[in-house]
Every structure is written in structure tokens, then in C-alpha cells.
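Take a look at this single chain, the form predicted alone, given in C-alpha cells.
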Amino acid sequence: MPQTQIIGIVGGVGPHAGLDLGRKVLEQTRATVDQEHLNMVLLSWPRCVPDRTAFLLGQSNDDPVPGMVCCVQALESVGATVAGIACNTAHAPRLFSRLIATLRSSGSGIVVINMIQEVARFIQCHFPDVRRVGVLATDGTVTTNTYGEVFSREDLTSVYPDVQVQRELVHGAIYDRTYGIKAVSSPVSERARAAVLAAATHLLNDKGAEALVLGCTELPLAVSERFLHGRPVVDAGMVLARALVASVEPERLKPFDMGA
């Protein structure tokens, strides 16, 4: 029987992160032949969506919300019934709430999954003893406390890097135009990977985080480890991929395996 629901992915934010989310949807799906995989549409329009962090920090007046709305509507126009945005910063309340409100006022029926909420539920489900969660993310996500607002409702505490670590290690690893992941994605530069690992060590060993969230969809391109310093690493993109599969055909969702 043909699949009646179609997964849509807003890519281009950044472009490699969108491809990575699509790959993770495939990886999290039970399938032994082509036809058992789920119907999926990836739309990558990087020139349509201005930088989310620059807007949130007041460094740019280019609002990314209209572009994100355009992308979601384009996905819906080709049949997508549920969508995920391959960008954590896009889920900052100042952006995501306006995105949803604009879609609803236009009569859109597509469901846009909130990645941050899914990460909180995922941790509660699979790591119920964890309370202090280290978050590696863009300056926009950290400054708006996007994870902290959601985590606090789930009795979780967000732990962010110190200002200097955030500026010199995390921001540089993502945005630097000579070695950052947005500039050098395939493969990621050794300098970017080393910076992310150093920031992770800071959160886990110096700040007492009991688990670590890779809260920028570029970061898993640099760090694929499932554990660091004996504590779990949660890839927000992988969590979103699982939520997309579950929303369409839950029987196709693979069991979660931390070691796989």
C-alpha cells in the first residue's frame, strides 16, 4: 500500500546538515528493500533563509522566518505532511513560534516537529537519571536559552560553556571561514573537530554535565562518538530523524540502540 504521509526536510540551514538529517531518517528506518523506506522530500534553499544566529544577536536585520515559511510551504505543495528543520537555532522561540503562527494563519496543515522538545523527551525516556545536560550550540541558540527553556519544563538543567570557550571553540568550530564546519564540511577539518571535543570535555569534566547534546546540526559532522568521557552524547539531528519516522510510520522506527 502506498505511503499516505510524506516527510519533508528543510535543508540548506546549513546544506550539509540537511543532507545529514535525510541520511539519519534512512538510518532510523526499518527497511530491507528500497520500497520499505519512507517517502521523503529534501528541500535545500540556503539563499532563501538568512543566518538565524546573526538575526537573533542583532547583527543582521534579515529575518529568516519568511524564508523558512516559504520552504515549509514548498514542501507542503509537493505533498509533505510533516516537516523537520535541520537547524537547532531555527527553533529559538522568537523564530519558531512566528513560523508556526504564520503557517497556521495561512491555512497550512503541515506538522512541523519541534526538535528541541523532542530532544528533551528523548533524554527523559532513554537517560532518566540524567539531570545536568551540557549543550553545544550556536551563539544564537545559547544566547536565547532555547534548550534551557524547554529543558526546565522537563526537570533538566542546561549547562552551557563558559563565554570564552563558547567564543573561541564552539563558535569558531562552526563559523570560522577558514576551518569551521560551515566552510569545511566534507570532511570536517581536524581543527574544528579538536575544538568541538575540547568544548565537550569542558562541559563534561569542568562543568559537571551528565550528558551532552550536540545542539547544532553541524556538530555531528565533526563528532560521531556516542559516548565521551563515559557519558552519553545525544545528536539532536538523530532525535529529529526518529521523530519524523515515528510521526509517519511508527512501526518502521528502529529500536534505539546507543551503541549503533
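Keep in mind that this is a model prediction, so the values were computed, not measured. Numbering starts at 1 and follows the sequence shown.
Beyond what is shown, the protein has a form predicted in complex with a further copy of the same chain; the following relates to that form.
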**Prompt:** Taking Gly12, Asp34 and His37 together, does each of them reach a further copy of the same chain in the predicted complex with some heavy atom inside 4.5 Å?
**Reply:** yes
**Message:** I'd like to check something about Ala222: if you look in the predicted complex, is any of its heavy atoms closer than or equal to 4.5 Å to a heavy atom of a further copy of the same chain?
**Reply:** no
**Prompt:** Does the 4.5 Å heavy atom contact test between Glu210 and a further copy of the same chain in the predicted complex come out positive?
**Reply:** no
**Prompt:** Wondering, does Ser105 line up within 4.5 Å of a further copy of the same chain in the predicted complex on heavy atoms?
**Reply:** no
**Message:** Please determine whether Arg242 contacts a further copy of the same chain in the predicted complex, using a 4.5 Å cut-off between heavy atoms.
**Reply:** no
**Prompt:** Given that a further copy of the same chain is left out here, which of Leu56, Leu228, Val69, Cys48 has a heavy atom within 4.5 Å of it in the predicted complex?
**Reply:** Cys48
**Item:** Sole residue of Val130, Leu99, Ala74, Ile110 within 4.5 Å of a further copy of the same chain in the predicted complex, by heavy atom
**Value:** Ala74
**Prompt:** in the predicted complex, which of 121-129, 176-184, 143-151, 90-98 comes within 4.5 Å of a further copy of the same chain (heavy atoms)?
**Reply:** 176-184
